[in-house]
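Listed next as structure tokens: two forms of one protein chain, kept apart as structure 1 and structure 2.
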Structure 1
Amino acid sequence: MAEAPPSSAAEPVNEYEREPVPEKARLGFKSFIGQYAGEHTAGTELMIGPLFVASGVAAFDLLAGLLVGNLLAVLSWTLLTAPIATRARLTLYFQLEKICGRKLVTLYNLANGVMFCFLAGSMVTVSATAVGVWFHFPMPGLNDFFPNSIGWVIAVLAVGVMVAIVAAYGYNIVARIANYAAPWMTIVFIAFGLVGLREFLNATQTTLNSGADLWRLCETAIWKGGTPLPGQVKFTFWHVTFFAWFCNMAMHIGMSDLSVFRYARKSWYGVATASGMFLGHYVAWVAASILYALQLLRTPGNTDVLPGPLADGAAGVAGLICVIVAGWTTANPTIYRAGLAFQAVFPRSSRYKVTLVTGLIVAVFGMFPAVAMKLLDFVALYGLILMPMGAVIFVDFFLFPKLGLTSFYAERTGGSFNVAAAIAWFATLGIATWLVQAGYTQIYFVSLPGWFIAAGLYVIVSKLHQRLAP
């Protein structure tokens, strides 16, 4: 059914795109701690943290919502993604090809690759804002869509090429660089929060004598709640919880990180994601939101969300370097995933060359600041688009053998288009879109019922299809 992969001799590294990862290539727990800390303690945290403040979130809603949501994300990786990854040892794309068939999985791979390109583009955008501080070219504002200077275009292109070269050399290089960068970046992000808090105390002439004084400052000056900035959705505890849980939905519930955890020796290595969730999606988001709240306190009319200037004001040169490196370490594994998706579409092509071309596409996307400035909405959307296939994989792997249904249906029947998987994907997206457009729910919440809808549809249609098929 599938075309033969390119010769491994043509690749700088063998990434086992169309075979299980062998014992000799498997990695220890430390590799995943570093990779997830490096990926999620990242430049985009300096975009997302400020957007919480722009959304008018209250102190309790932010801090409690992040605790619950990030815990749910870690459990999703540990209990859903990693067990399948360490048993099958296949990339997401090759595993889906066995389930869905070549034609259907080609559509999915294209959608997956494009979504990851947009996401990586936002990370390149973040790094470019630090370059802008050094070279003093105009940078985009909160509601800008198009690039606004030649300097901006050149900076994004330079960062994108650098990231693509690293990602093209494979997962081991990506993980190694993340291990080197993660500890230092974490320290700098903590410094952002502490410096921002100190400046808040000075600006408001507040003295901290107890924890109650600190909490009062958080409630009345930093995360005040109230009306969001123009163009932003009002965030509550539930918005924060579901965003923290589902901002990486494509990776855990959507199963994209099968491609990462197929290298893990044990399935419990999924808990390594906590290094990214609680250092990046808690500490770094909180620190970045403090810096943005401070910016609004000092200059209420300056609503621009630019990580470079924010970091420069808090930590100077160290802050700018952190923004560049953080955007880089986040974009590395994202471009790696996108390269795998596109290479699965063109299996005779070199993954190395495909990843390099993917990096150039990412650089082009990064030139348009709207992707980064609307990051809260975008990550919810891309998770929703890819989520139904995660439900298909879960059901196919764990439930079909118990229900007496055929797993890896396309591979075992020689089919190229699994009708049941297609209906589960497209119908779920249609139902979810209708629920949002009709006002029954918001995009931040629709993916949870959507996952169960996709799972149920796949079981029901598969029963009918496999019973009627010859």
Structure 2
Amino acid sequence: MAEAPPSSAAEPVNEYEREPVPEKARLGFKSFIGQYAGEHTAGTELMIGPLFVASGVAAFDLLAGLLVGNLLAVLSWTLLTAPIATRARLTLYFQLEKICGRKLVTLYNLANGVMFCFLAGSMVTVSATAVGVWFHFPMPGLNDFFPNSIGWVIAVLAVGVMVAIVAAYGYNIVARIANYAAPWMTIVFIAFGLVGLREFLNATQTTLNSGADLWRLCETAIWKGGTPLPGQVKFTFWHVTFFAWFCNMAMHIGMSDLSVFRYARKSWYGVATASGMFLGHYVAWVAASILYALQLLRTPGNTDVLPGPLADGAAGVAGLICVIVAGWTTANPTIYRAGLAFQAVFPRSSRYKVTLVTGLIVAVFGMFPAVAMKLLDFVALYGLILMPMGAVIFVDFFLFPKLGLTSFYAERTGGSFNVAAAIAWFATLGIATWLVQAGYTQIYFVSLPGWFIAAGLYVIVSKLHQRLAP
């Protein structure tokens, strides 16, 4: 998904931060295909696939839901993010600063940085499960919240500290390794699925003579549907669709990838995200879910979601390397960006120091398996928290000129805290929380009405605020 990591490891993060990207720096279509394919084949994909199975997903619901959801995600990048990015050509932060003012953007940075830390923590958790295969210490179970062994704590700390140091001092080296690893990781994920499928045929003594035989195996043995495992929410077609659509919500509807697509020559380059959604998310999630379903078939009592042992069983040492590299190469830019977000909050601290401290916080978060084991919920929450600001950017850019309202209000008035944007953000989060807590909807769906609430609030409050302002 990265996972949903933030922007690519290859993104030139320190260029044109406070000016539009000039013509000479713009990139072609191919750059974005490679970038998104690599970015969305992350270590966390190995958690998400199994968690679908743990949630009792059925074959049609998974395969069709992923198709629709990933398509909606690609359309969101293409029709919402890229058109603004290629017109304004600004980073998310600079564009938000023009709309919201410096103080509100600082709050946004803080929220963004904390979310990045949790996300990177789950990536470190994934990598540490590969270390566990070699050192045989007890690893956390599906419903564990706290670390359950000294070995686990040491492994996560070792991986986390290493990732933190590298993110602070060797960012470019890891960015390069991430580029080298991207095509290979995609292939290893495909291999996971193929090996898992053969193992299923062996375990169920099935012979495939037609497509119908394969579909029967999918429906009756791999993604059987039915009751989810204890502690998990039942996933239907709609859950899968909305999860696939919204798991990168912070990046597309939330507009985080304005910073990426400001380099695109054309707005239709947004379709390049299909490489990440279909090669990465679709294939990787399906493959990882096959391995977990196989584990449940062989040892029904073993519900642990541990990417290390799953990958080891399917591809041996190459699989373990894949788990470590997938977790590491995506945790690295995530920590780096969390560091950048925090540095905006503490501008006097050096970037290296902030990144290092951020990485150490990530290592501590990674020790707690709850984030990784509840990744489906966390990813939905992550999108929800950052989404309202995406709605604010969209409305400010496209609707305000038509409604006769002032765009980039903070910049034009010299303000440092746009009340309308702040109310749109906080009130939306409050209403969304109430909708979920009161049982009207689930966290996986609430961001859809949430976007319209944020957009509506921003228009209404801006109208009042701009009329009353001197």
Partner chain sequence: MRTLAQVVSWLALAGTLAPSLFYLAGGTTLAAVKTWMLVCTVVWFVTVPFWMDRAEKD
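Sequence positions of structure 1, starting at 1, serve as the residue numbers. The term rigid core refers to the maximal set of C-alpha atoms that superpose within 1.5 Å between the two forms. A quick note: this is a predicted structure, and the numbers were derived from the prediction, not measured.
Asker: Structure 1 or 2, which would you say is the form predicted on its own?
Answerer: The chain shown as structure 1 is the form predicted on its own.
Asker: Is the shift of A288 between structures 1 and 2 large enough to count as movement, that is, does its C-alpha move by 2 Å or more after the core is superposed?
Answerer: No: A288 shifts by under 2 Å between structures 1 and 2.
Asker: So, does I150 move by 2 Å or more at the CA between structures 1 and 2, with the core held fixed?
Answerer: Indeed, I150 is displaced by 2 Å or more.
Asker: Aligning on the rigid core, do we see the C-alpha of L27 shift 2 angstroms or more between structures 1 and 2?
Answerer: Yes, the C-alpha position differs by at least 2 Å between structures 1 and 2.
Asker: How many Å does the Cα of R348 travel between structures 1 and 2 when the structures are matched on their rigid core?
Answerer: Superposing on the rigid core gives a C-alpha shift of 5.3 Å for R348.
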